[in-house]
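Given next, in structure tokens, is a single chain: the form predicted on its own.
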Amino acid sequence: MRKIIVQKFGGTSVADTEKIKNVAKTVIMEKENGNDVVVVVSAMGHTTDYLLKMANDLSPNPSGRELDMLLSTGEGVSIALLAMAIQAQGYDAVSFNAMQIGIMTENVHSKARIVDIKTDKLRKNLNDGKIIVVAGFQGVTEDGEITTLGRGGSDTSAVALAAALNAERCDIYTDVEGVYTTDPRIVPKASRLDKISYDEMLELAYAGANVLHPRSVETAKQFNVPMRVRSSFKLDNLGTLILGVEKMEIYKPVAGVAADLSQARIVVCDVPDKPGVAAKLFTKLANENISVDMIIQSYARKVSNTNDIAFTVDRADLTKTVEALESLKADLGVTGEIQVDEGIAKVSIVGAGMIDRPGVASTMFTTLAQQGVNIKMISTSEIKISCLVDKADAQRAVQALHSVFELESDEVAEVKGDLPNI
């Protein structure tokens, strides 16, 4: 039985017709290896940004439905052009959007989750020997409404397709050579990891590493789909394999360091210290489809019987979050103000090897103290420690932590793109 390989190519990989021709060659190479191939592509280059700009020029608050209708068109261009490029090289290829296949999602615009994928049409075309090219990032509801999965959602599309088809592997092609111990633009001697576990990659993705969309890693872990992150431009480099931790050999407590620059901290002051208040607050945010990250509730003040609740959200959700909280203050009996701090960054260390190894947190906090970095909030899991710090300190913090946990390579990584704005 022929193996199925799912390949995903991001926007930089299909940015122009010459790059599309190169992608076609890469796809054909996999086909010639004797595998059936399903290809998922993003919109070309900065198409999505361009479409968003046009929408915002026309309306300061475009409707979610029409925005999804607009943004989903970008991938339609990519899939047709790539199918043409493959056909021009003598191979049979066919392109499909999410509606044509049946990539079914929940009825939520801009951040929909995939709930089912119809595979009949996919399997029929694979059995006919065709290379299938699928539009990433998009889905369709039961009643035929177009949805999108959020920025970076093409990764999720690819892994979900791999799971639905019981594929041998899902290869994510991008403009980097794999997963690094940190952003090589911040630490030029960052090491490329040959392997990393689902859990570590998931924590790094949520901590700010932008290599993979977190939901794609969640899906890969849930369905045990091996993933490989590799360069579209250096095909001799096999990149980084992502798989279950039980298949890993752990040598170091920390696998990587990440900085998330996209968050804002909100403090709701003078919240009544009684049962149900926090539940109402966070239920309101959940109903507004707002994801919350780090949360701290202060010790109750005996005189006023109140406390403060601090948490972080994505800056893109900041306005909506503050509006939701303001509408809830009277109902909750909140007497204080809502404070907002956008000048923060979340710096995290991640590693499956830190489980049951004492001293990792101490080393992290001591290192930050030696660098003069003040910690505003702390959150932990079994394999991650995150600290909220001033954004101006983020780069120095990442560099120091990367060094103290001995993650440097002997070679300087090839870096593309400007230094992150920190």
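In this text, all values refer to a predicted model and were calculated from it rather than measured experimentally. In case it trips you up, residue 1 is the first one in the sequence shown, and so on.
A second form of this protein, the form predicted in complex with a small molecule, is not displayed here; the remarks below concern that form.
With the partner omitted here, the residue from M354, I385, A43, V38 that has a non-hydrogen atom within 4.5 angstroms of the small molecule in the predicted bound form is A43. Listed residues K284, R228, R151, H109 were compared with the small molecule in the predicted bound form; R151 is the one with a heavy atom within 4.5 Å. Shown alone, this chain has one stretch from 28-36, 43-51, 373-381, 358-366 that lies within 4.5 Å of the small molecule in the predicted bound form by heavy atoms: 43-51.
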